[in-house]
Each structure stands twice: as structure tokens, then as C-alpha cells.
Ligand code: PEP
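First, one chain by itself: the form predicted on its own, in C-alpha cells.
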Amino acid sequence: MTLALHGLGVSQGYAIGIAQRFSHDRLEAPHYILRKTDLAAEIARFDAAVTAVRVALGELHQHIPEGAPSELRAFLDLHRLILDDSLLCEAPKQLILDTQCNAEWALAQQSSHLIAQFQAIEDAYFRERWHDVRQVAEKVLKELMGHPAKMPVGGHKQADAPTILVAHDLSPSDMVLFKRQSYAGFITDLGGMTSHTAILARSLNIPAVMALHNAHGLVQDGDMLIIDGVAGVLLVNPDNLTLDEYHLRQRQWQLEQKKLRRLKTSPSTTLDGQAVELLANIDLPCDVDEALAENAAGVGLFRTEFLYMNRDLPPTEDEQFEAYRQVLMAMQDRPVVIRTLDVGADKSLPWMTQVSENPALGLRAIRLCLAEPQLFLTQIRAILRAAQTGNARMLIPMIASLSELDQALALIATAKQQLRDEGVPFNDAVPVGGMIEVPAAALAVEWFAKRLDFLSIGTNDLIQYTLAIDRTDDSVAHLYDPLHPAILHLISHTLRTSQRLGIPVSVCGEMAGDTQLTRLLLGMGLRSFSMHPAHILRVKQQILRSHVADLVAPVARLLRAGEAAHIQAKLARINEP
């Protein structure tokens, strides 16, 4: 019988393939007493599990994606060191001998003891290593129980079908590794439309459904799955008639994607001659290849925080300089907007010593950088040095007050003076912009615009903070509404004010890549969109079919509509061919 599960279609398209499960979840360890004659065999079984995990970590080490943070190898080496530590690989064997218990129970008891010791350490950095101990112990435990807990590498095929990844959730570090893998699509129990996992799916241009709640528990390895990213539906073990129907839909979808490739070299211009800039969002230097493949006009958002992930210490100035230089050289004269470090909230780092109880409203982004000025200065220096090789721009995230902005600008001036005093070459004329992603910044945009060279509207956080909705929480995902009147008015106010003052402005959030909103944003006056490279051609297609002069009046009427139903109806008319 076919099982249908409904969630959020966070990345459109259709995928048909075999389920491959991935989980970080802790498994309950059974407890039973062994005969003395079986103890030697039990110890051998434990040793075999440790060896299997060691091999799996080695495989992960070999499949680190090009352009991933350089310390990722050190992160995996740390797990191998923990695995080889006698407190984890030898102590459980002694417990087996002493109590005649099974290997799973012995490992669970010893790992719990170790975790408690780490959690009692006063130093925040070393205290957080308990997560690593738990992860390594769980890998061995799952190996013992016949459920290897290794990240699937490259996907596998069964019955000539592609692989679909099934996870309860995926962490940012999983996402970095996932970029190199080959999957037809993926599904998760958790997540919202603008969670980082959803953003990853759209950047890879593969179908994905999230917020399925219990799919990971219901789907088994080897099940045949259909992902309907358009309707937000997962079908488990469909019948042949359903399979045939979705194979047809998949072929039609793929044909449409091929047709879009014809637009790659077409100028991004509306029917009435309005030029529109289409930029790419990237996470790592290796992503620039995809931006160039889609003929992006530049990089509108380089999320530098991914350079800081999967490592025990922040990247050095030289490491950052090389990463930024690599992107700037690849893009040649095209602009590259480098956003300074934006961590906190759902992107915490292991070496962060200051963690807020409410991270989304606490010490994150520019607040963290101002609290850790040396961290900020290191990044600014790297950007200024790299800017000699290309058209670099610096973007400050999550500004909310003029005092924050003034402090950030003062630190930029300090970094420049340091480089001058040291005789280090740098670009003294790097434009500095600010992200409008906090309602306070949108409402006070005129004062920010007078101190900055350009602005970028981050719609993901602007929606989250305006509507008081956690964008990663699927339980309130239905309330996350880009078309809420308050959101539209904040964006419209920011665009109008920037145009009046002659300050360039772009949108770099997920709204920029949503083709249902392209004409709306054009009618509001937006002429610079920054999105995942995979979305550029779809948005370009909408632009080529649009006549801006015909959009101004209906968009103005939409902005005056207060009720959701009226807004949706007016948007549908705006999007009519």
C-alpha cells in the first residue's frame, strides 16, 4: 500500500529513487548478561565495530569537498583520536569482562561517564567537546546494532534507481559534506522554508520536502520513494500506475529545465528595456563555478560563516585572504559582495565562548563581531587585502542601530591603519554596505543609507524578526509569510528611500529567487536580485516576459490590500502571462 506524507515543498521538482537513511539520533542500548565463555567473542565484536567506524571516518576524510574549510580534516582527525582513546576503545572491554554485560551496554555506560566528565569542565571550549565524544560513541553503538551511522558517500543505486537521502535533520556541517554528494533529492522530519537545509536543497537544485515529522521513523532503507517538491508530498512504495505518472512529470520538468539553458547568454532586460542585475549567493569558494556557469552578473552574497564551520578554531587571516582572493579572481571584474561573519542563532560554532540563551535575539552577526573585535579585525584585514585582486564589496549583517554601524566603520578604519603601518598592500576604496534584515533598520533606513555605499535586504531574517517566527521551526512554518502586509511595506519603504537617496539596493534573501515574487519586486522598484545560482535562469525568464511600466499600478494596488486573500488574488493577476 502506498503511504503519502505531507510536508513543505522547499525545493521544486520531482525525484524518484531508493531511500537511504541518515541519522544522528542516539540509539537505546540493550542490556543483557553473557556467559563467561562468550566474553571473548563479545570483545571481538566490539573491536570489529570500532574498526568499522575507523574505516568510515577515513572514507569521509577522503571525500571532503573541494573548497571546504581547511580545518575539516582536523575535525575528522579529532573524532579518530577520540575513537582511539583507551577510555573509549579499551575501557568498555574491561567492563564487559567485569560485569559480563553486552558490548552495547558497556559502551553506553562508559560514554555516559566520559560525557559527564566533559560537561563538568569549566573551560567552555573543552566542555563543548562532549558533543564529539557522544557522536563518536553513537557511531560505534550503531555499528554494533547493525545501523552504521556514517554519512552516505556519493549515494548508492539499487535496481537502477537513484538515491534519496532520508534524515531527521541535517546540521550545517552535514550540509558542507553533502554538497559533494550525488542524490536525487532528500527529505527531513524538521525544518522550515528558509532553514539552512532548505536553502541547501534549492542551491543544489534538487527536489526536497521537509517538515514531514515522522518520515525518518516510517521509511526504511531500500523503500521506493517519490518526492513531489511542487506539492510538498512524499510517496512511499508507490504502485506502478503512480510511478508511471511521476516518471512523466519528471521528464516534463527536466525538459523545461533544458529549455531554460537557452536563456543563459540573453541580457537580463525587461520588455520595456529595464536592465536587471542577477547576482549569485555562494557559501564556499567552490560555489563560484556554478555562479559562472549560470552567467551571474556577480556574487551578491558570499556567506563567509561557512569558512568558519567544521573546525576547532577560526580561520587565520591568510586562510581567509586566500578564500576571498580565489573568488574575486574567478569573477574577474564582476562585483563580489563579501558579508562579514554572521554566526549565532542556528549557526553556532564550537569555539564560540559567548553563547546567548536566546541566540536569535542575542549575540550574533555584527553584535558578536563587535564583542570580539580581534575576530572582526582579522576578517576585515583579509577582505581589504584580497580586494586588490577584484571588485570586492564588504557587507555588514544585522545592523540595528547607528551606534553599531559607527563602531563597525571605526573598526574598518582601524584595520586600514594597521595595514598601512605594517606596509601591507590593500584596497583603501572597498565599498561598505549594510544588510537591512531587522525591522528597526528598515524603518530607519534613511539614516543608515547616508553612512553606507549600498544596501542589501535580507528577507529571510526580516520576515522572521517582523513576524516573531523562528524560520527553522516547522511547527510555525505556516505563519512564515513573505506576502504579509508588514513585510511588503518594509521592503517597499527601503526601496523607495534608497532610490530617493541614490543608494544601490538589492534583495539577497530567498524572496529574490522566488519566481512568483519576481514581478512584484520589479513593480516595487527592485533592479538587483541576488539568489542561488540554480534560480537565476528561472528568474531571468520572468524578467524577459515582464513589462515594468505595466506592473507599477497593480503592484501599488497590491500594497494597499491588507488582507491575505486580496494580496494573493492581486499577485495572481500580476503573474498572469
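Here the structure is a predicted model, which means the values were calculated and not measured. So that there is no doubt, residue numbering starts at 1 and follows the sequence shown.
Not pictured, yet referred to below: the form predicted together with this ligand.
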The one option of 343, 408, 301, 212 with any heavy atom within 4.5 Å of this ligand in the predicted bound form is 301
Contact with this ligand in the predicted bound form, heavy atom within 4.5 Å, among 142, 93, 364, 393 goes to 364
Among 254-262, 319-327, 453-461, 222-230, the stretch whose residues bring a heavy atom within 4.5 Å of this ligand in the predicted bound form is 453-461
Given that the partner is absent here, does residue 509 sit within 4.5 Å of this ligand in the predicted bound form, heavy atoms only?
yes
Item checked: Heavy atom of residue 435 within 4.5 Å of this ligand in the predicted bound form -> yes
With the cut-off set at 4.5 Å between non-hydrogen atoms, does residue 339 touch this ligand in the predicted bound form?
yes
Determine whether any heavy atom of residue 471 comes within 4.5 Å of a heavy atom of this ligand in the predicted bound form, and answer yes or no.
yes
